[in-house]
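For reference, the chain that follows is the form predicted on its own, supplied as structure tokens.
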């Protein structure tokens, strides 16, 4: 009898906690609007003010449809009578940009309602969850720079390679003016389009320049791989071939074809994730080439890693490291402090409430860019 009473009490406590949890869960607001990254004229996917995402996909012959976005396992869709599959994520998504795809009867497809972005070594669907601080990367009525594609010869890879170059507003007005240059690298599975399309780097620059918060400079974005590396194989990545492309081929081409300040004090390198790893490996080996270093979710540089501290202090004007608060931010401050103690200008930034994702890197770039070329 005593055991029965205990079991009843435990069951009651469990049930009441479940009810409280359900009551604490806010109801999903029906204020859904089409994502800003939808294909022209497409109503779905949609996002509401809480960050939930709703999908509607036409696949009348399909047996199952699932969206990769929406926590572990993604979001399963349910077939309606009209042949459309519909569903809403079980939880709100983080603010900012996200990749996703559809799995239809075991096959991987993009959502025909959304625009596509190169990520995860393929063109993926993209969605934007409006951020509370999105003003800094918004398209505004300010003077805009230009992002242009270039093809540069690469003898080391026996081909022509592609890069994109951001030139700030007014670049073409004064043919005598020269500019510093930032070489900005993408992450694994992305390419040289990422920082403009997903990262909004050009709009961030335009807005910072319009507000007088930054000294204008050029940004060069190129593909960071010279060989294909499968997921999980970055430990086998050899930086040597890409370092040759960047330092010996691309930089001389940019200096010859654009009005750059072509000396070490006016040249920086930064990157996100894998691009941060590349930045660290290349800059530490080429202190005569780069003076400013930025690692976004790409590790840290600490005083203990520097073999020639006197040369590093002489050459490097800034080391700046960042990541999202949902990543591993605890390592940033100790590494930055160790450089400061050694007399090196260093800083760090933690993006609030974000993980390994583009809002982290947009914010990181926004914090990093005003620190460059301050002399």
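None of these values were measured; they are calculated from a predicted model. Residue numbers count along the first chain shown, from 1.
The protein also exists as the form predicted together with a further copy of the same chain; that form is not presented, and the subsequent description refers to it.
- Of the residues 172, 288, 238, 211, just one reaches a further copy of the same chain in the predicted bound form with a heavy atom at 4.5 Å or closer; this is 172.
- Taken together, 78, 298 and 340 are entirely out of contact with a further copy of the same chain in the predicted bound form: none brings a heavy atom within 4.5 Å.
- Contact with a further copy of the same chain, judged by heavy atoms within 4.5 Å in the predicted bound form, is confined among 279-287, 148-156, 262-270, 68-76 to 148-156.
- The closest heavy atom approach of residue 334 to a further copy of the same chain in the predicted bound form falls outside 4.5 Å.
- In the predicted bound form, a further copy of the same chain sits within 4.5 Å of a heavy atom of residue 115.
- Taking the partner from the other structure, a further copy of the same chain in the predicted bound form has no heavy atom within 4.5 Å of any heavy atom of residue 28.
- With a 4.5 Å cutoff on heavy atoms, residue 306 does not count as touching a further copy of the same chain in the predicted bound form; it lies far away.
- Residues of 188-213 that come within 4.5 Å of a further copy of the same chain in the predicted bound form, judged by any heavy atom, are 202, 203 in sequence order.
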